[in-house]
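We begin with a single chain expressed as structure tokens, specifically the form predicted on its own.
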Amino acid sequence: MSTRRFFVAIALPAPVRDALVALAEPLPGTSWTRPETLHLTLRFIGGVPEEKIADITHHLATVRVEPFILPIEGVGAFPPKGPPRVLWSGVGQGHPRLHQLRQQVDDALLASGLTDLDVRTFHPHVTLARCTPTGAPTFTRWMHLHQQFAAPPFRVNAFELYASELRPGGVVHTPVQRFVLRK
């Protein structure tokens, strides 16, 4: 029985990816995310047997949320205290449809039989880089320099189920199915 890792995400249009890629600069201990893998994760699922995917996609197809406009703005780091391990760009405040979409995705995944979903609070963001503690002082400078960052707002018309595979050249995300948003 083969198992791949999966996640549900919003794909980013080229102008947003380009704006995010422009934030990358040489920082000690930083590995920047490749442009083609930038996305906004709604839910990381993890390893799932292949025979379960049809049930997951069936339930994800029941999600009903109207399309909405989403701004990607600001920068930050995880964890919020201590040396950063991830640099990210976030989502502006007050986007109820994004949170509605996340909740409906969770409900669909639970209905498909996935019961071990991570219960941490949803902090919508795009992962820009992974970090080692050696560059902490330069990360602070970088965050200060880009605190007013804003990518062009974009219309979210769909979300996708992706398969994720770690290869020698880095992680590869493959779209499995696209789900169009509708009321």
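Residue numbers here begin at 1 and follow the sequence given. Just so you know, these numbers come straight off a predicted model, no measurement behind them.
From this point on, the text means the form predicted in complex with adenosine-2'-monophosphate, which you will not see here.
The stretch from 141-149, 37-45, 24-32, 56-64 that comes within 4.5 Å of adenosine-2'-monophosphate in the model of the complex, counting heavy atoms only, is 37-45. Within this chain, residue 7 lines the site of adenosine-2'-monophosphate in the model of the complex, having a heavy atom no more than 4.5 Å away. Using a 4.5 angstroms limit between non-hydrogen atoms, residue 155 is distant from adenosine-2'-monophosphate in the model of the complex. Under a 4.5 angstroms non-hydrogen atom cutoff, adenosine-2'-monophosphate in the model of the complex has residue 125 among its neighbouring residues.
Although the partner is absent from this view, residue 173 contacts adenosine-2'-monophosphate in the model of the complex, with a non-hydrogen atom inside 4.5 angstroms.
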